[in-house]
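Only one chain comes next, encoded as structure tokens, the form predicted alone.
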Amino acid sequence: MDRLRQMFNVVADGNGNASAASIKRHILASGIQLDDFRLSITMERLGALGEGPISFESFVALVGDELLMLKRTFNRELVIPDWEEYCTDLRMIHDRVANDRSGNNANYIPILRDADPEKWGVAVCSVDGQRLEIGDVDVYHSIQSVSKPLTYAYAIEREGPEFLQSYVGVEPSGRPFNSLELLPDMRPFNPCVNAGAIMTAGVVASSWPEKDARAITGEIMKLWSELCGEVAPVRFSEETMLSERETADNNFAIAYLLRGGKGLPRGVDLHKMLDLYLSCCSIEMTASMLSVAAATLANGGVCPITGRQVLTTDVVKKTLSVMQAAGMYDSAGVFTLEVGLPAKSGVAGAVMTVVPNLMGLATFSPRLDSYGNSVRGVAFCRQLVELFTFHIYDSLSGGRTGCKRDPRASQHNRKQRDLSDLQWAVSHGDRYATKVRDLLLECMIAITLADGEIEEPEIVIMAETYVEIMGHQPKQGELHAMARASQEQIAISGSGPFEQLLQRLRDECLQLDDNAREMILEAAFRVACADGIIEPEEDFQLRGIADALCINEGVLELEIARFQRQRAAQPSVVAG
């Protein structure tokens, strides 16, 4: 009963009652939608209760059938516990990327050429069904090459990997997506270049001799619908299809080359094969839908918002491997190097990206770079990975990621654990912990003296920060004495202490893990914010400390942005 009482206290008011509005508000704050299938009984009962007060006894009866899901929701135990903070960070990246207006729309067919280049949206869905939508996420657009890996997955499920691989390779091509070049055995390089996608369509088309291309496309659209949890209808664009067919000379050349080389699967009709390929490119979806489809892949084939197993885990592994190696056209290698995530782009402006075991995301912006990838979509992914531990090889960092965030862990809980460990270790004379404490103090004093003055509010913040980190008050006058000693050294040498501090930080950096470096920077940051504004001299020193500690610049920008948001949210004082 104690655990039920704890759950109730999360949503209860000062009078000891909960309400439907409070329960719904906490569910939404966790990222879960009110129509989530795992809360359907609770939502139905809430509707019957109306808007009156809900006692503890009524709450127990209300949540019984879906207790575990509600416990995870109320107690912040979903895969991304600090959901609202994470969403704020993603909105910041979205807004920053919005300023990039480089690139151009694809222009080979009118519907792509005439699309509004200013459209920009980002949608996210976690493997627990937490969802975020920013900007133009409900704009239908043809998925184009985003269709390729899922047509590949469909072919594997229907025909098996051995048969498919006898016709389509899985090697990166390093060539433009519409290249006519093939492997030495005359197979296409992989399913994500046009030749490979056309041959994959041939494998699927040959398995349905009784159906035409449009009917088979309908079957693949059903797969897409299940992948995105049927959040909206999957559509087909006849206009796109007709335009694609009218400009398909290069694709016809590829098809004839395939037929003349390797030969087509089961002698499938070349025109049926091409029509299926072009029809799959003409499927229309939204970024919101694609994010759920990506989350289904991130979740091993189980759709997070329906609970259905749409694809087997083995098929998903093969699909993600192909996306990793070849999903971003002939810049796939650079994308893997910088972003390190499986992704697939389309020339209508979509980028669908998968963070395995965590989330799927989709971006939409029609302006493309020279490779045919959405400029903003790629920029968003790059900035995302600069701030969060999403790169496939971040786990090899040995605790030195540049202090990137891991949204899978509660930042508050982690900080409390780290501080407790530091206090305990320092009290027992641990050399490493003592070094962290000393560096932390030196950085706080450096920020205090950034403008050359020792100001009382900064000394107070230093003392408060010291108490929070070390668990006890500093010795009487210790902080003042240390600050004065540094001030005197500056007066004698002209500069000295700060440059020496930066050099020491550089020397010690490789011996400090992310947790220690983050605590040092945060302590300096709190002192810089003591008077409610970060002065230019303080900003300069903060950036110097972050650089010396090898902390990603974007991580510091996150902290500054959070501080500015908090400042803006505070009520202003109006002079009388």
Ligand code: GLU
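Because the structure is a prediction, the values reported are computed rather than measured. Each residue number is its position in the shown sequence, starting from 1.
The same protein also has a form predicted together with the named molecule, omitted here; what follows describes it.
**Q** Could you tell me if all three of Asn17, Phe59 and Phe74 have a heavy atom no more than 4.5 Å from the named molecule in the predicted complex?
**A** Negative, none of the three is within 4.5 Å.
**Q** Report yes if any heavy atom of Cys281 sits within 4.5 Å of a heavy atom of the named molecule in the predicted complex; otherwise report no.
**A** Close contact exists here: in the predicted complex, Cys281 approaches the named molecule to within 4.5 Å, heavy atoms only.
**Q** Can you tell me whether Lys148 touches the named molecule? I mean in the predicted complex, with a 4.5 angstroms heavy atom cut-off.
**A** Judged by the heavy-atom cut-off of 4.5 Å, Lys148 is in contact with the named molecule in the predicted complex.
**Q** Taking the named molecule as it sits in the predicted complex, is Asn194 near enough to touch it, meaning that at least one heavy atom pair lies within 4.5 angstroms?
**A** Heavy-atom contact with the named molecule at 4.5 Å: present for Asn194.
**Q** Is Leu441 near the named molecule? Define near as a heavy atom within 4.5 Å, in the predicted complex.
**A** Flag for Leu441 set to no.
**Q** For the chain shown here without its partner, which stretch in 344-352, 84-92, 498-506, 210-218 has non-hydrogen atoms within 4.5 angstroms of the named molecule in the predicted complex?
**A** Among the listed stretches, the partner-contacting one is 344-352.
**Q** Only one of Ser288, Thr448, Gln144, Thr401 has a non-hydrogen atom within 4.5 angstroms of the named molecule in the predicted complex; which is it?
**A** Of the candidates Ser288, Thr448, Gln144, Thr401, Gln144 is the one lying within 4.5 Å of the named molecule in the predicted complex.
**Q** Of the residues Trp224, Phe390, Phe177, Tyr154, which one places a heavy atom within 4.5 Å of the named molecule in the predicted complex?
**A** Checked against the cut-off, the match is Phe177.
**Q** Just give me the residues of 105-122, first to last, that have a heavy atom within 4.5 Å of the named molecule in the predicted complex.
**A** Going through 105-122 in order - heavy atoms within 4.5 Å of the named molecule in the predicted complex - there is one hit, Tyr108.
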